[in-house]
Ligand SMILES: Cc1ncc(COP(=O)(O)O)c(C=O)c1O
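Coming up is one lone chain in structure tokens, specifically the form predicted on its own.
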């Protein structure tokens, strides 16, 4: 846990496998500019969120807020819950996840498989994002329970601290050569926790946040969206982890573009990324059209696409919600083909 760049050859806890995730070069322009993806799906549970889940639990233990045999409670759309389920299992706690049906089904199933108790705040068939209701119920449940701790990820400083190692990993891998850091903004912990520490060694790095269209962190209009685990829906409070002073620019990407990008990246590179990660990569690709020579952009890919086989990668599910757009997928594919250039060590043909 103390060394984000290396791990021992033999570990005794799943959480010791966290970190040291790879960088994947998605694009290299002829002028030397590059788009690199920080593949956080190579953490246990396939997501970045286990970083902050572990940190929130350790911080609570250090502060005496979580005692042996205690109960962890969190409102989650899935990925934070997966991380907390792992940490709870290996440290002897019970974990209650307050959820809705907006979350990917595979995330809910995985949490349950890891021993989590799932408490729903929405009826079966109701796919609306119920962040405010989840938060309210989680807080109430913790207050009424003995030896329980509500991790409250949206306002917990340990959330951001959990991502400080990401900055050190990036700095070590790239030697400070990072011009733009771009990532999704949900709780804000991932992008701003990373960005805060990265700015200490790379003062000039530009920080760009991405949220779904319909989310309110970067302003109205508010409406429903299907990207999971990101954004702030109408009625929910923007968390304290969203650091506007650290933000250089906020961008919005629609579900159609985000999901089209995830699908195109899978078909053209063999890499499965999640739906909200598709939004980040879409925004990054549009910014790669005219980068400065030698510029390096790093996009934080917070989870993989394996959990979205029944949604983002399912044509019937997509079409039923008017999200399937062959035209947008074609546009993204053309943009990706234009930006991707064979590097000297990359075979130009495989047949």
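Only a predicted model underlies this, so the values are computations on that prediction, with no experimental measurement involved. Residue numbers count along the first chain shown, from 1.
Another form, the form predicted together with the named molecule, is not on view; read the next lines as being about it.
The putative spot formed by 54, 88 and 151 is not touched by the named molecule in the predicted complex; no residue has a non-hydrogen atom within 4.5 angstroms of it. The named molecule in the predicted complex is approached by residue 303, whose closest heavy atom lies within 4.5 angstroms of it.
Interface residue remark: residue 156 is not counted as part of the site for the named molecule in the predicted complex, having no heavy atom within 4.5 Å.
A residue is said to contact a partner when one of its heavy atoms sits within 4.5 Å of a partner heavy atom; residue 228 meets this definition for the named molecule in the predicted complex. Although the partner is absent from this view, residue 131 stays clear of the named molecule in the predicted complex, with no non-hydrogen atom inside 4.5 angstroms. Exactly one listed residue, out of 273, 281, 97, 184, brings a non-hydrogen atom to within 4.5 Å of the named molecule in the predicted complex: 184. Across the options 173-181, 136-144, 123-131, 77-85, residues that bring heavy atoms within 4.5 Å of the named molecule in the predicted complex belong to 77-85. Within 4.5 angstroms of the named molecule in the predicted complex, the stretch 188-222 places a non-hydrogen atom from each of 188, 189, 190, taken in sequence order.
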